[in-house]
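Single chain ahead, written as structure tokens, the form predicted on its own.
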């Protein structure tokens, strides 16, 4: 199942690059223009700025979920166990952060401790691919399948024959709120996580395009679709001779009020 994977990201306008609190990981790494999408794993996370160390937690989540077995994206309970496994590493990550602060002469202050004790929060979308095995309910034309698990408002969009055929987990621009479900770095309750995760699978065919987006760009995508536009055409051509530079595109949408000023991350999986 040949294809390509392109990734784009940009921090908030008016901020600095090191303030970017989204995170993503693609495994195995894509070293050239073409890759085999079979066994590909992609994880995307949006750290909640209201919590401390949200970007650090988002990076930890994507590193963990880019390496999980496909079962974790099919079964809510397996996903919950993997989320708890990721959370068990948080104490070590936090200890490293505290040590770095002390070494830099900026030890943790008393007023920071309550937020550190509450942990960090982030959304998560994890996606895996495999070749169709036959006899599993997939259509004969499908060359493969994708499997997705999500907590929060990161989104997967699948385009086929110039039409949006899948929007997951949110299907309308009005669905984006201010309090999406989040994974907490101190949550050890497998069943609670399993109750909140959304799971879905779909077939993959040649010429399909799959876009994985954090919330700001996902909300723009759905608003444009609702107006009868084809936002995937813009995303498909990013960085090409026919398209825009990603930073310029995001800057224009922010300036015009068509996209919220937030960290943005986009992964484009192009199935050949």
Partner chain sequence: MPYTAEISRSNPTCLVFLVDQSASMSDAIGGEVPTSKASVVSDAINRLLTELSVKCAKEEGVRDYFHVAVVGYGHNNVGSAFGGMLAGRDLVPLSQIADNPARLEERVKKVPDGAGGLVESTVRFPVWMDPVSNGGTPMRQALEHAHRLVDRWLGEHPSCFPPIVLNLTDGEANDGDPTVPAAGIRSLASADGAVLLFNLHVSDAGGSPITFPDTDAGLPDSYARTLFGMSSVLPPHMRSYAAQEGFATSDGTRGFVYNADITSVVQFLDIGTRATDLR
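Between two forms, the rigid core is defined as the largest C-alpha subset superposing within 1.5 Å. Since the structure is predicted, the reported quantities are computational estimates derived from the model, not experimental observations. Numbering follows the first chain given and starts at 1.
The next section is about a form of this same protein that is not shown, the form predicted in complex with its partner chain.
Contact with its partner chain in the predicted complex, judged as any non-hydrogen atom within 4.5 angstroms, is confined among 176-184, 124-132, 198-206, 162-170 to 176-184. Contact here is defined as any heavy atom lying within 4.5 Å of its partner chain in the predicted complex, and by that definition not a single one of 29, 60 and 96 is a contact residue. Interface membership of residue 12, defined by any non-hydrogen atom within 4.5 Å of its partner chain in the predicted complex, is confirmed. For the chain shown alone, residue 19 is a contact residue for its partner chain in the predicted complex, at least one non-hydrogen atom being within 4.5 angstroms. For residue 54, a non-hydrogen atom is located within 4.5 Å of its partner chain in the predicted complex, even though that partner is not displayed. Shown alone here, residue 105 lies farther than 4.5 Å from its partner chain in the predicted complex, counting heavy atoms only. Think of it this way: in the predicted complex, its partner chain has a heavy atom of just one of 226, 39, 50, 233 within 4.5 Å, and the residue is 50. The listed set 87, 73, 156, 193 contains one residue whose heavy atoms approach its partner chain in the predicted complex to within 4.5 Å, identified as 193. Taking a 4.5 Å heavy atom cutoff to its partner chain in the predicted complex, none of the residues in 227-241 make contact.
Taking 2 Å as the criterion, residue 109 counts as shifted between the shown form and the other one: its C-alpha moves by at least this amount when the rigid core is aligned.
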